[in-house]
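Single chain ahead, written as structure tokens, the form predicted alone.
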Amino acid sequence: MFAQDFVYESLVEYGEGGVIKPHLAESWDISPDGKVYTFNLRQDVKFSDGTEFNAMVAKKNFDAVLANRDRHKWLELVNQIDGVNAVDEYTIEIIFKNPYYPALQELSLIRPLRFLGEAGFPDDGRTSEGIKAPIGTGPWVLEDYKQNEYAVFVKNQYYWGVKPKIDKVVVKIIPDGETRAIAFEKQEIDLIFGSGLISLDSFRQFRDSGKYQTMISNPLVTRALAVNSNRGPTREHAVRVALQHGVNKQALIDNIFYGTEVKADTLFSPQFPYCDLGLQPYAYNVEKAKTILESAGWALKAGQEFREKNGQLLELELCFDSANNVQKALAEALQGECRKIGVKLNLIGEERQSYLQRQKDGNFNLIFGDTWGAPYDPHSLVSSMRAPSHADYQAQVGLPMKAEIDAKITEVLLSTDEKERQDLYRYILSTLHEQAVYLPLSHGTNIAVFHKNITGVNFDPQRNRIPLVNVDIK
């Protein structure tokens, strides 16, 4: 996603504090009924091949996404767009089926509604099977790429905005975190930026050595486990609640994150709109967790380490991305936490595609699934909970009130009344909290580690953006 953000741009941009700012659109108007958005486009924008960005090519990009709606139905914005018109050379009109309050936020997303140059389109105009070339209006151009090895970006000579200070960026694909750390020490890498790329032990060593510069962003997302209400022992509400009480989150913060993240008690941080609900946290209490399991019939027999019921072992699978150093460390710690309450936690670390496939198929008891942060939370993530190809849907599908949750999600996204919207979010988020289908662990951050000759490193409110325009080398 960060690479797409290098190359392609949006009509509007999500800024600090959630302020929506002009970008490829200089200004916009919204009709009184909330169904028509008219965008006045910048007239000084060119694609990286020198061709002009205008209303016709903007409409062509919208039409390509709308022709492939099924792929994008997780995003309610795409479902709600009825059509797009090019009013004149530099004006486009987006017509909605209903008023849709998060429209501007979702138009700022990295995908799917950004803009490809005319020459990048396949002959049939459809981009669902790929494109001819990555031609965008962004500050960078993809110059060279070798799968699983590297990608090279160079400065876009036609860029309309603030031009990058450096001429070239080489993104190195190094699968192993320790290898990344060694490459950084050898000065084969100038900057490590993101989450899970190196172990937090390595980050702490770099930070404490005094040889390098390190930074930690403000909290951006919630790091959580999706708990499957439709598979094995986690079908039982009691088992899901016991897991909530059985994890010492503060110990994870202190011993794994070294204070780089803060404890999370709810799926969304209260800082996000409609999420400050005063939900009662599940307090860490091993004895309470044991009592809940005992009451549900999961007995711990003398001399045994793990609980049983009707001859079945209380055994769960926790799936994680084997290349993500933080997930791996957390999985190992959670295995120990679960052992204390008599739960056997089997760890399944797989390469990313297999891990993502498990999310889609529901082939897990517990699986890592962060929230998406700004500008997605809560509306975009809540919208995706209705899509079977998402881990959130799979975690919730065993709930007796799943159909009602989905109906309330559809209702809240189309609500035009602020009080009604808050009440609907209260139902959705409090129900998910009470049903314990998420185990929030921490509010995740991005980290940056870079050599002392590098300047201008900063963070963006969006987790998946790497703002390199102001980065320079002394």
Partner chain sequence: MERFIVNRIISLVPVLLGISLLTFILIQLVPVDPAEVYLRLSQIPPTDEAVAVTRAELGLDKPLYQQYFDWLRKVVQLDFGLSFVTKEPVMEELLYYFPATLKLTAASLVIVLLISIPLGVFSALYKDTAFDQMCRIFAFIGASMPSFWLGFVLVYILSLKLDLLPVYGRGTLAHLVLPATTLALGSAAVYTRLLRTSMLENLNQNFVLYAKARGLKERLIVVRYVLKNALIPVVIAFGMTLGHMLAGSVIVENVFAWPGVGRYIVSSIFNRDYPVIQAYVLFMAVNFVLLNLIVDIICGLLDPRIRLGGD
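Positions refer to the first chain, counted from 1. In this text the structure is predicted, and so the values were computed from the model without any measurement.
Only in words, not in the display: the form predicted together with its partner chain, which the text now covers.
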Contact check for 147, 174 and 356 against its partner chain in the predicted bound form, heavy atom at 4.5 Å: yes
Single option in 346, 255, 389, 213 placed near its partner chain in the predicted bound form, where near means a heavy atom within 4.5 Å: 389
Heavy atom within 4.5 Å of its partner chain in the predicted bound form - the one residue of 185, 82, 88, 294 that qualifies: 185
In the predicted bound form, segment of 226 to 234, 177 to 185, 392 to 400, 158 to 166 with a heavy atom within 4.5 Å of its partner chain: 177 to 185
In the predicted bound form, residue 404 touching its partner chain (heavy atom, 4.5 Å): no
Residue 208, heavy atom within 4.5 angstroms of its partner chain in the predicted bound form: no
Residue 74: touches its partner chain in the predicted bound form, heavy atom cutoff 4.5 angstroms: yes
Distance check, residue 332 to its partner chain in the predicted bound form, heavy atom within 4.5 Å: no
Any residue of 227 to 264 that, in the predicted bound form, places a heavy atom within 4.5 Å of its partner chain: none
